[in-house]
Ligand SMILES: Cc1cc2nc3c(=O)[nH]c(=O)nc-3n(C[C@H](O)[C@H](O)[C@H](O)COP(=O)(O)OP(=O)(O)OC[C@H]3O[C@@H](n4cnc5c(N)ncnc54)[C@H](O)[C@@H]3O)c2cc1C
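Heads up, the chain below is alone and in the form predicted on its own; it's given as structure tokens.
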């Protein structure tokens, strides 16, 4: 597969006029005030956001956008390489799918070095259903500790809303928070938002969904319950209880994940919603509302029809964020495909060795007859042990922007494998290291020696674990 070999040097600066004008790109983050000349007429479908100067509140070497597994890996490895590193996160805590969504088990992380191994070593983990289960609050605190120990500046309640771009180079990102619209200047930016938000705002090309129709994997809202007296359970046994009460869960593989050290407390996975665009706020709002309704109904039905183990069960909470499996895949210098997984591809710049299979949740609702779209055909392939090349993290269209996590460059079917959190952490580590090395060597990430980077990455993963 051909790769983009364009090593165009970034412009050396951005004059004040161009930089100030680019603030207008943050449309939606700037409030219009009555009486401003920029207001549209009452019957117009658009309104012009006012352009204004924005304070530069930080200047850093590496800015990581997103504090999930990928962002955590990126920030830690960038800081450990000596870069002045800052991480911004929309939520008031780190972890993303590990904490906010409520997955509460480590996926495809055991046996790996680096941050994956550090988490396994320092976090109380119990094996249930062959999965490594942890308490969500324990994970939140551990991630705070890991980033503080690495010297990363973390800022919560902060979303990247626009990018300041000069030709092929980002100067940094505009952020929106309780402190208003601000700007963070950075030599390198890592998009670890999961959805490729920064890359999209910077004008990077991306793809979404299944070939042919663009449908994406379903989204899931988790709940946490208390008062359950039984053993961990999954699948048909739980579904039968719900069916006795006349209730059919949207997710046919209902699962209870225990919370270690919290007797009777379990995370409940029982919802799955189809046709949801994870980058559309209205779609997400509807799915989250429906998810809370369904979880509440599930708990009520378990209590009424589940017998003695369930008679005292109650709903503690639903997740503060819905779990999104698939949105944008940002085009990089290499696109990882299902053919690469089928042949067990190896690369000179391989930054992650993947042995887990593909976990592509069907994009078609199992309770409905899917339409006969051409895009429904799925290639037949087996996932052999393969590698992710660093080039998948190097965006094709912006020279100093790297991606990490499920938004890296790949196809719909490869995403089903590399989106698991153990792999996501490793792409973050590589992005953080690559960003820091590019600064140290005064080159662009695409100009780094991929083989040397991969070797340095493996050494860092083993070195810190040994210490």
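Computed from a prediction, not measured in an experiment: that's the story for all the values here. Positions refer to the first chain, counted from 1.
Below: the form predicted together with the ligand, not depicted.
In summary, the region of this chain contacting the ligand in the predicted bound form, judged by heavy atoms within 4.5 Å and restricted to 83-91, 282-290, 341-349, 299-307, corresponds to 83-91. Interface membership of residue 66, defined by any non-hydrogen atom within 4.5 Å of the ligand in the predicted bound form, is confirmed. For residue 313, no non-hydrogen atom is located within 4.5 Å of the ligand in the predicted bound form, even though that partner is not displayed.
In the predicted bound form, at least one heavy atom of residue 193 sits within 4.5 Å of a heavy atom of the ligand. Contact annotation for residue 410: none of its heavy atoms lies within 4.5 Å of the ligand in the predicted bound form. Contact annotation: of the candidates 438, 54, 420, 398, the single residue with a non-hydrogen atom within 4.5 angstroms of the ligand in the predicted bound form is 420. Interface residue among 140, 105, 168, 126, judged by heavy atoms within 4.5 Å of the ligand in the predicted bound form: 105. Taking the ligand as positioned in the predicted bound form, the residues of 201-227 that bring a heavy atom within 4.5 Å of it are, in sequence order, 220, 222.
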